[in-house]
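Given as structure tokens, the chain that follows is alone and in the form predicted on its own.
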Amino acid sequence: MTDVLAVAEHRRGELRDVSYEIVTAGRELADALDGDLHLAVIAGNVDRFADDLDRPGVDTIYTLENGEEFDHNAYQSAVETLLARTDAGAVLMPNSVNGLDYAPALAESYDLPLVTDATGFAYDDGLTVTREMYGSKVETTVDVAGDRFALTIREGEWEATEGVGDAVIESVDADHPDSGARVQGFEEVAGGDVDISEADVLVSVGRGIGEEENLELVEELADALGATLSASRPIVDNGWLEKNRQVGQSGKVVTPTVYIAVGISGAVQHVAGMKGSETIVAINTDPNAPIFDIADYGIVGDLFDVVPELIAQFE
């Protein structure tokens, strides 16, 4: 029996989607290890976060107050305190800027093998972790020796946990040295008023649009649906849309209820950022386009014929 400790993540007063996904991943691993799942909520409005994360499968939620935003020392010290308290053998953290900040230090401190950017795992007399390499072109597996380890998980690879649980919620104090570092504020990139990772419906455009002036047609579809406009990398590289609208491995991971891919072939880098969408609709002239391999609904046709028909239907 080995317990699992998962660490939630928040930003600017709101839990990030990966916090709900890490509960699912943590419960999956805890079941394989025949252990309990403990969840750490560090800094920010810990009481509200704990209530939000009290989902089925969580045995205990530990809250540790320390400021409002991420701090390296606070997170490392808090997780170390909880490892000592719970004797958990496995630690799960988001594969985010914050998670990758303290995960190596934690692994070094506890002499834990660390595997980053996990997209899946299996446990059978030992842990095997699935990762992707070379821009998601190659899937690899890593066998982890020993029964204690740390993982960071990629956002969008596990379903977000749902429902109401009955976890025990405990407040814990953790001392840590003051690093002197403080989050002073956040500066949005250009077009920062749009966060595609929070959108419920996305209409995403690719190189199949042909010319920049043709973006107007896809924007009309997005408006008709009340959706947010996003794009594949070529559109952003051409300067037709801002970087913050890019979906993919080098952009943002998105998990909307509906994702409509217009003129997107389905390169692995793009698919890595949107394959967790609940429903995927693809519009492409090429019936062999890779995007159709993951689409729930596919329309083989010229987007300049299909999109106006869709606009008319939704208006």
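Residue indices: 1-based, along the sequence shown. What we label the rigid core is the largest C-alpha set whose atoms superpose within 1.5 Å from one form to the other. Please read all numbers here as calculations on a predicted model, not as lab measurements.
The following text describes the form predicted in complex with a small molecule, which does not appear among the structures shown.
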>> Against the small molecule in the model of the complex, would Q246 count as a contact residue? Criterion: heavy atoms within 4.5 Å.
In response: yes
> Does the 4.5 Å heavy atom contact test between G208 and the small molecule in the model of the complex come out positive?
Replying inline: yes
> S232 near the small molecule in the model of the complex, any heavy atom under 4.5 Å?
Replying inline: yes
>> With a cut-off of 4.5 Å between heavy atoms, is D286 one of the residues that contacts the small molecule in the model of the complex?
In response: yes
> Can you pick the one in G266, G35, G276, G57 that has a heavy atom within 4.5 Å of the small molecule in the model of the complex?
Replying inline: G266
>> Given the stretches 35-43, 266-274, 59-67, 22-30, which is the single one in contact with the small molecule in the model of the complex, using a heavy atom cutoff of 4.5 Å?
In response: 266-274
> P234: with the rigid core matched between this form and the one not shown, does its Cα shift 2 Å or more?
Replying inline: yes
> After the core is overlaid between this form and the one not shown, has the C-alpha of R55 moved by 2 angstroms or more?
Replying inline: no
> Does superposing the core leave V205 with a CA shift of 2 Å or more between this form and the one not shown?
Replying inline: yes
> Once you compare with this form, do the C-alpha atoms of L151 and V268 lie closer or farther in the model of the complex, given a change of 3 Å or more?
Replying inline: closer
> Knowing the Cα distance between P290 and N95 changes 3 Å or more in the model of the complex, does it shrink or grow relative to here?
Replying inline: closer
